[in-house]
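The data below hold one chain only, encoded as structure tokens and taken in the form predicted alone.
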């Protein structure tokens, strides 16, 4: 009796590399989510949305721009913003030139919550990246990830 072997190239270095990227992302996201929830009762998705709003040049983003920034569906982003709005962390504004578009802005309460969360975030990054990788390794990793993320 012969044993069937898979024709799937699971040992291919590209498949392995992608698996490492996925595993690393999942473990870092899970760990950061746990730390943010424990320290500030802020889910990672909320943190990410607030951070993207703060980083926006104009201080606000249209819903579709925010969805693209946090890599969520527009429906998922709408539900996320609904929860952030109920918590008082974001406000909605009508776009003066497009009645269909809604801007989302971070509120003072959202900025304060984000400031608390950033302290936890930086501690997490120190433990999970800075203490494990040298400055040169972090710079190389950053360059490589930016290259993979280029459109």
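Positions refer to the first chain, counted from 1. Quick caveat, the model's predicted, so the values are computed rather than measured.
As for the form predicted together with the DNA, it is not shown, yet the points below apply to it.
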{"property": "Touches the DNA in the predicted complex: residue 45 (any heavy atom, 4.5 Å)", "result": "yes"}
{"property": "The DNA contact at residue 102 in the predicted complex, heavy atom, 4.5 Å", "result": "yes"}
{"property": "Proximity of residue 63 to the DNA in the predicted complex, heavy atoms at 4.5 Å", "result": "yes"}
{"property": "Distance check, residue 92 to the DNA in the predicted complex, heavy atom within 4.5 Å", "result": "yes"}
{"property": "Residue stretch of 94-102, 50-58, 108-116, 121-129 approaching the DNA in the predicted complex, non-hydrogen atom distance within 4.5 Å", "result": "94-102"}
{"property": "Contacts with the DNA in the predicted complex - residues in 136-151 whose heavy atoms fall within 4.5 Å", "result": "none"}
